[in-house]
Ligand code: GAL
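Coming up is one lone chain in structure tokens, specifically the form predicted alone.
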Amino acid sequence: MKHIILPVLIVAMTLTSCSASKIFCNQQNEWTTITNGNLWLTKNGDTVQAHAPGFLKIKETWYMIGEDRSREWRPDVNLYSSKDLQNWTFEKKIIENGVTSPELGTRRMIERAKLLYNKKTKRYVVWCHWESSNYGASEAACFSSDKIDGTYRLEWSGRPLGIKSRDCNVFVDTDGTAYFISTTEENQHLGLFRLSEDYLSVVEHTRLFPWQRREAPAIVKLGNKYFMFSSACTGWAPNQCKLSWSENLKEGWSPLENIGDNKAFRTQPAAILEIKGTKTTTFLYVGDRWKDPNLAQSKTIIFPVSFTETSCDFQYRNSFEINFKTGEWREEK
């Protein structure tokens, strides 16, 4: 399937009333209602086409990339921006069939594009599933640009370290080390691929969950623990979401645990977003509700999740409210 706080202002406000700083109090009281089950629309009223989304937060702006399924089997990769994960602005197509690469739209298509930022090289990097029409290629690809809305160029494509690779995601650890995670060898295992320092190539592979047939991995780190969400391999049909945790990315993962209902509320994991605010941190699960009713109209579902030492409260909500300043969420009033 990633924060600016205002500690000085918070201290200053302890001795004043809201009337003394109306702007700040208004920001603290800004609650956004997130409603699930409908197509997302841009401010211009166009359908948001960013399926299997990947996210990157820059200052107060969320950027989202994903599959444009308006041409179902020739997806481009679109870039959108938002302050609240609800009101989206279309920025541009960052990867386009027949334009970014002549292979796209002919011999290859893209699925599950995910976005990274490399602080050392100051480049934006996209990793994705790079596939043929019959899913026989089983490859990955990497693109990069010096601007988030710039011109992306193909840096590499193929089977990472010679390993068949399909459904995928990315993860950046707290030390800046980046990983590409995908289902490998005909969907039998998950592969954890450590990326080079510039994020443009794969340098190491670790097999995870052998013979478990997991895909759509999404990792989040809390303290010294990693939590991974994943789904089974059932095509476009939803299935049981499972959770595992470990204190080491490369080993020691706990047995897979069922969370939520038996179809993950008709979703498949895409991302886990961290909303870090002045009061608390909320984690949001983002999932795809595929073919609802077709690929182009697949829905994006978001709801809050919380973690214990070894598990997760994974409960769907039709709607909820979130305060992006404080990091708090609440049931819709």
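The structure displayed is predicted, hence computed values, not measured ones. In this text, residue numbers run from 1 along the sequence as written.
The discussion below concerns the form predicted together with this ligand, not included here.
A single residue from the set 111, 185, 155, 139 has any heavy atom within 4.5 angstroms of this ligand in the model of the complex; that residue is 111. Heavy atoms of residue 76 never reach within 4.5 Å of this ligand in the model of the complex, leaving it off the interface. Remark: residue 235 counts among the residues lining this ligand in the model of the complex, judged by a heavy atom distance of 4.5 Å or less. In the model of the complex, none of the heavy atoms of residue 211 sits within 4.5 Å of a heavy atom of this ligand.
The stretch from 97 to 105, 143 to 151, 111 to 119, 172 to 180 that comes within 4.5 Å of this ligand in the model of the complex, counting heavy atoms only, is 111 to 119. For the marked spot (31, 84 and 300), a heavy atom within 4.5 Å of this ligand in the model of the complex is absent from each of the three residues.
Residue 268 is the only one in 247 to 270 with at least one heavy atom within 4.5 Å of this ligand in the model of the complex.
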